[in-house]
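A lone chain, given as structure tokens: the form predicted on its own.
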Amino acid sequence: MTARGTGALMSVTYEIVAGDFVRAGEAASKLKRVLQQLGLDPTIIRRAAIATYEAEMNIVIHSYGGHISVDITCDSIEILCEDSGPGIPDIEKALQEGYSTASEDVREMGFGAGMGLPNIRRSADDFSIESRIGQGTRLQVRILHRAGE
């Protein structure tokens, strides 16, 4: 783990493989352990883990693969998720609770309930999403904290 951005105490990147349900959730679990080792507030850790897990599952389910990069600073956890993929045709619709484009196979595995983006947005202090059809999606989440508080 090396510092990428200025002001980052720690930076980490997780590669996410499309369709890899065996490893799905590993990035969120690893990030949770790092944040616990740093002694962050459990509520902050939970919010970061939820946002990361939901983003990770969206990459596994809907994209051709991507990565999640996290910068941990004294004041915030910055989560950047980028994937290559089909993109999201209607972001406003995708942000509605219960809306899902997951396949029937994915739903039978217990995923694809349409709560991913709403849960990410609810967990974030700052949230932005951009998507280009045929190119992919970029999601940015910021969770504020004060280290050691």
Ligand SMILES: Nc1ncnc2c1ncn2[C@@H]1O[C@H](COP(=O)(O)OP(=O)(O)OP(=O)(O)O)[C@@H](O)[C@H]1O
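Position 1 is the first residue in the sequence shown; the rest follow in order. Since the model is a prediction, treat every value here as computed from it, not as a measurement.
We do not show the form predicted together with the named molecule, though everything after this point is about it.
Among Leu40, Ala28, Leu80, Leu117, the residue placing a heavy atom within 4.5 Å of the named molecule in the predicted complex is Leu117. The single contact residue among Ala94, Val34, Ala124, Ala49, judged by any heavy atom lying within 4.5 Å of the named molecule in the predicted complex, is Ala94.
Contact check for Thr101: a non-hydrogen atom falls within 4.5 Å of the named molecule in the predicted complex. For the chain shown alone, Ile45 is not a contact residue for the named molecule in the predicted complex, no non-hydrogen atom being within 4.5 angstroms. Along 28-55, a single residue, Glu54, places a heavy atom within 4.5 Å of the named molecule in the predicted complex.
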